[in-house]
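Before any questions on binding or motion, here is one chain by itself as structure tokens, the form predicted on its own.
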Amino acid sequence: MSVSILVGAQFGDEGKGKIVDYISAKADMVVRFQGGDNAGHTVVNEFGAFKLHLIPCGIFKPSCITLAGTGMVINPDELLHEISDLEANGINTSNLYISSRAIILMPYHIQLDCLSESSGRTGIGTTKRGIGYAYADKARRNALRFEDLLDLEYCEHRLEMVLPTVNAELVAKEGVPMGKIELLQKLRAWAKLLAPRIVEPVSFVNRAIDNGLEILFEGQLGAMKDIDLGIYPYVTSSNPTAAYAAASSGFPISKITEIIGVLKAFSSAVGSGPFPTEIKGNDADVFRGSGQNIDDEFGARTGRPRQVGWLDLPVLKYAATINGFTSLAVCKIDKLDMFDEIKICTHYSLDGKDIDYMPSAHQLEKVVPVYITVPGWKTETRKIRNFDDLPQNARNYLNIIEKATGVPIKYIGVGPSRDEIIVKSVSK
């Protein structure tokens, strides 16, 4: 039995989809434990190229059970679209299940999000998918859960209870109130299509653990977007850190055997908020690409060009501290192949003083990143499959990451496809 948790070590978009897809070849169950369809995991394998926003990346293995977990907020229309797209490409989705305790993301959540962003008063660069408003309703106990779809009479009662508050908010934001009949029609349609997939999650997960299954918990976004520990308020509305996998799924943390932190060999971010190591100009264009390739630096959900920057060791050390990584996966090392020199941020200076902690988002806007410069390797790495075959300067670069974080590197991505990976032996 093993219970592994895989989470992002930066600002999201680190390459988690590729690593989950690779690791899930040995997994019996993959659980997505938080987030919604505001971000995507890009997977490239023998079935094609996919951008999954809600469905766990283990879906491509026929024998793997996949669970959209309790900590998620799920737009059923988006989920059904994703299921349809996978099945149209020959992927069997019969092993996909939904936690009965997951939150239903409703149409009014999306409208409220769009109104807030367009007003300019409270916008923080969200994807306008309604994620924050769905989590807000969860916190104030106004949300509908997937278990409600199993009892439509009760579901109607719940809708009647929350709709007056929802419509008052819509009117206050100069939006359009929503009708009960229209929403009930949606709920009934969702129930018909999704009810067979809804399971009681705590017994579902713990039974799998007790039966000795290989289980992988898959996080969305990254440590710096955690609502409690990230660059608040420029964060997501859930906790994409490892401990939340246990907290939201209802299993004891003592069962966790591995925590994998996924990072890019450089930095990237989408949306508003501080990004200390950002670079612009030609170097940024090399990282970002044109947008025509699956691994170019454009948002999987929004298509927005990502900010890109040099590797930020303070972010990685912070992520390692709050997650307790046991191993790392470094993706996109191949994107550095053409650089003569590569900069690495080793620490920050704030108000003229070096600091050894992660400051608040407001302070992070003011820090000055302190860099070292290391030689590049000017050699193509995409076809390399053994660590010892990497250029010495590439190995030196990876060693700097290991030394700074105190965590061994286990996986090295050298391209977007599943097989474009180096698995490095990790001493225990």
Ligand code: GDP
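Note that the structure is a prediction, hence the values are computed from the model and not measured. In case it trips you up, residue 1 is the first one in the sequence shown, and so on.
Form predicted together with the named molecule: not shown, discussed below.
Heavy atoms within 4.5 Å of the named molecule in the predicted complex belong, among the stretches 326-334, 274-282, 99-107, 148-156, to residues of 326-334. Put simply, of L86, M178, C114, I294 only one has a heavy atom within 4.5 Å of the named molecule in the predicted complex, and it is I294.
Screening T42, N45, N393, Q363 for any heavy atom within 4.5 Å of the named molecule in the predicted complex leaves a single hit, T42. Under a 4.5 angstroms non-hydrogen atom cutoff, the named molecule in the predicted complex lacks D21 among its neighbouring residues. The named molecule is not drawn, but in the predicted complex it has no heavy atom within 4.5 Å of V407. With contact defined as any non-hydrogen atom lying within 4.5 angstroms of the named molecule in the predicted complex, the stretch 58-79 contains no contacting residue.
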